[in-house]
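Next up: just one chain, as structure tokens, the form predicted alone.
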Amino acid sequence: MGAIIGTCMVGNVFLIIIPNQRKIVADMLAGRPVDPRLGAMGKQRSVHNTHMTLPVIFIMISGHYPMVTGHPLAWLLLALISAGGVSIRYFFILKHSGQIRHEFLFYGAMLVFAVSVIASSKPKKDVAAMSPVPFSTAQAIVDRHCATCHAATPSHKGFAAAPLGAAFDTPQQIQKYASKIHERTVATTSMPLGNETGMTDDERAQLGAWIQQGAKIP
């Protein structure tokens, strides 16, 4: 979605706004009549880009919000956030023209609030009630799905160092980051990225059970 919106915004600028501006300037310098439609088209595409600004900024930083991106209704949450961003941006568009319409700020705030309610109401698995999961099982899952990136020397070709400095090379390191591992792999399923290693629901449940059962190591 970010790529689609960003492509639309770039296309508006480089295919409509800038070419039309150059045509207008060329006509003015040559003393020819200026076609008003060129300015109107440029303004229309500029307004489109203005409305898309806040949604695309959120998508750019959405990796920091796994409670949204990892939610089963992520598509709905993104739609609500985008609508809220458009509403808030419209408030400022009107403000710049001398109109103060606070209701658009209110609409935007309510849409974002709805996102927070939906994101926090995700059903939680009662993994703590599972049979005790030994550390060896949890470690095998981490080694298979996490340690390719989260290691002192990552084997994943996309990383030269462990993301955020979080390495899972030793039992102590895995235990140290247990809560963050739970957040990203169990609570939100946002890791592994794109689930490129094929982490299964059973593995997530086992890893979550080990963490909720105390994240004990030998």
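So that there is no doubt, residue numbering starts at 1 and follows the sequence shown. Between two forms, the rigid core is defined as the largest C-alpha subset superposing within 1.5 Å. Just so you know, these numbers come straight off a predicted model, no measurement behind them.
One more form of this protein, predicted together with heme C, exists but is not displayed; see below.
Asker: Taking heme C in the model of the complex as the reference, which of 40, 193, 152, 26 has a non-hydrogen atom within 4.5 Å?
Answerer: Filtering the options by heavy-atom distance leaves 193.
Asker: Given a 4.5 Å cut-off on heavy atoms, tell me which of 139 to 147, 113 to 121, 96 to 104, 77 to 85 is the interface stretch with heme C in the model of the complex.
Answerer: Within 4.5 Å of the partner lies stretch 139 to 147.
Asker: So in the model of the complex, does any heavy atom of residue 209 sit within 4.5 Å of heme C?
Answerer: Flag for residue 209 set to no.
Asker: State yes or no: in the model of the complex, is some non-hydrogen atom of residue 58 no more than 4.5 angstroms from a non-hydrogen atom of heme C?
Answerer: Residue 58: no contact with heme C in the model of the complex.
Asker: Is there a non-hydrogen atom of residue 168 within 4.5 angstroms of a non-hydrogen atom of heme C in the model of the complex?
Answerer: Yes - in the model of the complex, heavy atoms of residue 168 and heme C come within 4.5 Å of each other.
Asker: Given that heme C is not shown alongside this chain, does residue 45 nevertheless sit within 4.5 Å of it in the model of the complex, heavy atom to heavy atom?
Answerer: No.
Asker: Can you name the residues of 160 to 180 that have a heavy atom within 4.5 Å of heme C in the model of the complex?
Answerer: If the 4.5 Å heavy-atom criterion is applied to heme C in the model of the complex, 160 to 180 yields 163, 164, 166, 168, 177, 180.
Asker: Is it true that residue 66 shifts between this form and the one not shown by 2 Å or more at the Cα, once the core is aligned?
Answerer: Residue 66: C-alpha displaced by less than 2 Å between this form and the one not shown.
Asker: Align on the rigid core first; then say whether the Cα of residue 44 has moved by at least 2 Å between this form and the one not shown.
Answerer: No, shifts by less than 2 Å.
Asker: Does residue 112 move appreciably between this form and the one not shown, meaning a CA displacement of 2 Å or more on the superposed rigid core?
Answerer: No, the C-alpha moves less than 2 Å.
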